[in-house]
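For reference, the chain that follows is the form predicted alone, supplied as structure tokens.
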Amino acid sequence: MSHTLTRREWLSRSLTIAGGAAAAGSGFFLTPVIASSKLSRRVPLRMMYNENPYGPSSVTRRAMRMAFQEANLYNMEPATAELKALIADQVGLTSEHVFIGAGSTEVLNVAALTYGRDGGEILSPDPTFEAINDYGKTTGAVLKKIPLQDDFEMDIPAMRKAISAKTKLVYVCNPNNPTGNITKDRRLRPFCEEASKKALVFVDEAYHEYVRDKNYRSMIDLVKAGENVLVSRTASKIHALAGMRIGFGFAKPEIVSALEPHMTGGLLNMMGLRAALASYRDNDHQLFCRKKNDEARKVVTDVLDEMGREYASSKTNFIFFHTGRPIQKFQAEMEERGVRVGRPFPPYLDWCRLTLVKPEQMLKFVTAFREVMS
């Protein structure tokens, strides 16, 4: 029997097909649009990129929709200035202390470009977030990596000893990625103050908003004090704007003036700027995401404790734990059960970095994990 489609039915089917086609052609970074609950059960849990599973807040989504009205305008500079002023005010700095990049990765890249080119030495713990080292390689930087201690603590005595006349940049990620643990303020602060007299100290605080530990403090006050310190943060994590590419660098104005002209991402996009402006004013969503993240972390640590698996003390939205088997094998076995987990982080090739998802989604992980580990 023939059936005439209504306009609404036609539009609904067209959007579903278009969404699926777009997802199929865009690589593995995009979760496809799913039209039915039956299909949604087959979509793997994304527990590998440290994304926020809740997405932007309703306030932020509204700001993003309104940003379409500016899509035809070159309004990025006024919006960028507004965002700089907001972020600077929130941390007690001036706009001259802030620059904005296409994600904090661009801030990392421009620091590597400026300080690492032509044989400049970049010193970092190992393992850590590798973006600055990876980009440094392309600029001719010399990379010096200091292994973490057995308890995943940064080996500060070894880092201090490794600084030489050739060292141009010292990189610290706190909390660290992939381990998720913090370096306590009483250890990190004296090191940053000392090292900044010899080289630029870059403190990556991508997961700053997740931390609620009395032993942790941001290094932004060293920026306020005029030290040779650069701090980066991002809207990609607790603000759930990873696809919008908004990141921040905080440094004294002389450093900002030296770095900002080398930004490689061109002009920022209006939707990302408006989204960040809304999200950084929306404290309720941050509190909600932190609370749910803590609940999800407990699900994982409970099962790890039950099964006797070792793990790092995470203060972030991911957890690093010992699988006892090659990570590639563990990845494949978990993927067969609908869970995608993190990539290898040498030299810890039998450890897994697991992104936390919604507490109610964790049952799927726990079930798959029990099967694999049994």
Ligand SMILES: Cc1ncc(COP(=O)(O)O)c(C=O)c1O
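The first residue of the shown sequence is 1; numbering continues from there. Everything numeric here is computed off the predicted structure, so don't read it as measured data.
Below, we refer to the form predicted in complex with the named molecule, which is not included among the displayed structures.
Screening Cys173, Ala240, Cys289, Leu169 for any heavy atom within 4.5 Å of the named molecule in the model of the complex leaves a single hit, Cys173.
Note on contacts: among Lys144, Arg217, Lys84, Arg245, the single residue with a heavy atom within 4.5 Å of the named molecule in the model of the complex is Arg245.
The closest non-hydrogen atom of Asn293 lies beyond 4.5 Å of the named molecule in the model of the complex. At least one heavy atom of Tyr207 is located within 4.5 Å of the named molecule in the model of the complex. Proximity of Thr139 to the named molecule in the model of the complex: non-hydrogen atoms within 4.5 Å are absent; the residue sits far from the partner. Although the partner is absent here, Phe129 sits close enough that one of its heavy atoms falls within 4.5 Å of the named molecule in the model of the complex.
Heavy atoms within 4.5 Å of the named molecule in the model of the complex belong, among the stretches 220-228, 188-196, 72-80, 104-112, to residues of 104-112.
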